[in-house]
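This document opens with one chain alone, in structure tokens, the form predicted alone.
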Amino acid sequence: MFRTTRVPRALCALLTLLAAACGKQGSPPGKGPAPEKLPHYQVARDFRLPGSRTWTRAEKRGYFVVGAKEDQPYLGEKDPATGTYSGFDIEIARMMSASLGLPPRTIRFRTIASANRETALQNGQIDYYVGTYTINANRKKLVGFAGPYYMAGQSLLVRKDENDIHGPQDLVGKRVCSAAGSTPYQRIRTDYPKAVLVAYDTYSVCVDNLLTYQVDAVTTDDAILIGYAAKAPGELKVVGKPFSEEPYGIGVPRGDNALRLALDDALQAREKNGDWKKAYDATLGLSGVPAPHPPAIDRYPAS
């Protein structure tokens, strides 16, 4: 006997980013950031950062190339019809561009998978990266980090009808999906080795597999999972308490300390003038979770 499963129409755009191919004609799109309610960021005039090769290159071409995610609701999401990116991480990237003297509308976003972030920064494919990028000691050996600008924590997403998984201690023999190369994937492999790990390049594929009963849980940062659950509250839920601290940083090329410290200054200023909270409320705040206090910025010494 085979169990018949289906993916609800309302989730098609969320899971496959192919909204035009999902559901019946006229189905309403999932709620997301309203463009007219997003903040406008004042562009710094006469800004100069000659000590940064990355900034100099971007200033000469007239725009930043920014790495991002495209499948994380309220954080980093790409509209398949228009190619427009939206979400809290996208707003962080835009306000940083404005602080560094280049209009946010000029940014060229480029989707970069978790496993390829360091390579993209090292090879100059992108100028900086904003996409649920956890700061840790191993990554600091490969790239630089400004921030953190947000503190997340690893958690678990399950189907609404799941009653046996309440935390990572319940993952023995369970199929658990996460993004290849991500911090959450490594933590499950190290700390909960009796779980059966499944990896894909994107979390949207993990969620698709969760809904079709191919995996039992999806694990990553709670900010990401809250977004998925908020878009499909009748199908998904986040369970248990976060079991890690995940400080999100802005990735920059290693050694470009001028750019890193300028971004630290920009984050601090945008938090102080209210832009950070406005960006959160217009994006991740739509999940119903109120804005937390921004974490303290870590101005670590050059290495």
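Counting begins at 1, following the sequence as shown. As the structure is a prediction and not an experimental result, all values here were calculated from the model.
Absent from the display: the form predicted together with glutamic acid. The rest refers to it.
Participant: Give a yes or no for Gly131: in the predicted complex, does one of its heavy atoms lie within 4.5 Å of a heavy atom belonging to glutamic acid?
Facilitator: It does: once glutamic acid is placed as it appears in the predicted complex, Gly131 has a heavy atom within 4.5 Å of it.
Participant: If we define contact as a non-hydrogen atom of the residue within 4.5 angstroms of the partner, is Trp276 a contact of glutamic acid in the predicted complex?
Facilitator: No, no contact at 4.5 Å.
Participant: Does at least one non-hydrogen atom of Pro184 fall within 4.5 angstroms of glutamic acid in the predicted complex?
Facilitator: Because a heavy atom of Pro184 falls inside 4.5 Å of glutamic acid in the predicted complex, the answer is yes.
Participant: So, Thr220 and glutamic acid: in the predicted complex, are they within 4.5 Å at any heavy atom pair?
Facilitator: Answer yes; at least one heavy atom of Thr220 falls within 4.5 Å of glutamic acid in the predicted complex.
Participant: Between glutamic acid and Arg139, Tyr203 and Tyr248, in the predicted complex, does every residue show a non-hydrogen atom at 4.5 Å or closer?
Facilitator: Yes, the whole candidate spot contacts glutamic acid.
Participant: Just to confirm the contact call: exactly one of 162-170, 110-118, 228-236, 91-99 touches glutamic acid in the predicted complex at a 4.5 Å heavy atom cutoff, so which is it?
Facilitator: That would be stretch 110-118.
Participant: Just one of Leu157, Ile224, Ala146, Val176 has a heavy atom within 4.5 angstroms of glutamic acid in the predicted complex, so which one?
Facilitator: Result of the distance check: Ile224.
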